[in-house]
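One chain is shown next in structure tokens, namely the form predicted alone.
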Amino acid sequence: MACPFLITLGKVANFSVLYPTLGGITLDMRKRFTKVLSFNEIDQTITVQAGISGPDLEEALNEAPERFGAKRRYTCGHFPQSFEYSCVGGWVVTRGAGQNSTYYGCITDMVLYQRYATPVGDLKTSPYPREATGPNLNQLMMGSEGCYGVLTEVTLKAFRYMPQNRKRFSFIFKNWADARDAAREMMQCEAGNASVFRLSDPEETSLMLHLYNVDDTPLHGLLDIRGYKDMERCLFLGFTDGEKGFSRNVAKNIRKIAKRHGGMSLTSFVTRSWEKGRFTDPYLRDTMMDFGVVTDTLECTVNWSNMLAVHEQVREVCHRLPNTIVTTHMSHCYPQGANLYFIFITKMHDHEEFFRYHRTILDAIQKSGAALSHHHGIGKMFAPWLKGSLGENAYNIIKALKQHFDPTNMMNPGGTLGLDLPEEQVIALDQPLSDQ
């Protein structure tokens, strides 16, 4: 989930760390940088200050006719799980992805222009949809997590708001292999993409069928009868967006491909149940911690060709901790691959034990050949692995940008992106975890 944009002269803060790690000050962009600066219906863009919240941005676009005299209503298309409390700046500086990214794209696909206040001066990127004038500065600045400067304003693409065209679906597959092959074909068939596209592995499927009350419906009785066995079956759900004919055609092709791979329709019931909790389920985390139950998430990017190996290797490490539930799903998909999103739930009281366990999972992700993060950003806990993940030559480019924009290391010192970590804390790709 994308974090709220709380730039510190220490780090980009997440929900639990809202202070500079090495002293200094915290800049909360949500206080005064919350304006819509302009709306351009001809270009279908909106320019906003970095502190505007997700709901305020979406409301402005939905109400475009009333606010801006527009001919139609629009949507931002970006709905991370933290949507209710996160803001545009946080989406951008962490390279975030929303739950509807398979159709609308991640934030990196939506940004046209950024403005930063940096220690060496103001920086404005190009506002054009495409150009070949050297490396793309928009892409270089996104994901910087406040290390180069303070993001102050952003121009985003806007999309036509047509919720009446949405087609919901859910299917159950007999096993992970069939479900994975179906998902890949859906992404590669070139018939258009769904908006929400979420496939759960057997362990998560078991949990979700209970959570969304499928056990209490006639659908549940059909599963065992038709050979969809508990802890083997996989749940796939989502919905389409876009123009009416397009949306209907995407849903039709998904249905055909699912059926070809042994998928059984569960109607739209499960998807509607998921939608009810799509933004509120994460709030259970703090309540669970009051009872000594810890849950956290780690996610990575894989290609279809190495998905099975990454899934097996990372889950094996997650399950080394006794009495631990480990669920996995893919929720951001592409023709060439997808993300794998791991969630662990366990009894734990000691924070050092948590950090040790967390490090073993990060290490397994890196060693499995997956990208270290798909959309959660890096931050302090991931920082030691970044150099090993990217490779020294590529990592030196990030360091060079830091040296250019912030030669005195004023912005976010303390480990974000690992740019000022002592060398002994940097974790090499082939380094045993016992040496860390």
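Numbering starts at 1 and follows the sequence shown. Everything numeric in this text was worked out from a predicted model, so none of it was measured.
Only in words, not in the display: the form predicted together with a small molecule, which the text now covers.
Enquirer: Taking the small molecule as it sits in the predicted bound form, is Ile46 in contact with it (heavy atom to heavy atom, 4.5 Å or less)?
Expert: Judged by the heavy-atom cut-off of 4.5 Å, Ile46 is well away from the small molecule in the predicted bound form.
Enquirer: Is there any non-hydrogen atom of Met29 lying within 4.5 Å of the small molecule in the predicted bound form?
Expert: Met29: contacts the small molecule in the predicted bound form.
Enquirer: For Gly238, is any heavy atom within 4.5 Å of the small molecule in the predicted bound form, or not?
Expert: Taking the distances in the predicted bound form, the answer for Gly238 is no, it never comes within 4.5 Å of the small molecule.
Enquirer: Might Pro127 be said to contact the small molecule in the predicted bound form, defining contact as any heavy atom within 4.5 Å?
Expert: Because no heavy atom of Pro127 falls inside 4.5 Å of the small molecule in the predicted bound form, the answer is no.
Enquirer: Given that the small molecule is left out here, which of Leu151, Ala179, Ile254, Ala338 has a heavy atom within 4.5 Å of it in the predicted bound form?
Expert: After the contact test, the surviving option is Leu151.
Enquirer: With the small molecule left out of view, choose which of Gln188, Thr108, Gln81, Thr295 has a non-hydrogen atom within 4.5 angstroms of it in the predicted bound form.
Expert: In short, Gln81.
Enquirer: Can you check 304 to 312, 93 to 101, 158 to 166, 238 to 246 and let me know which stretch has heavy atoms within 4.5 Å of the small molecule in the predicted bound form?
Expert: So the stretch in question is 93 to 101.
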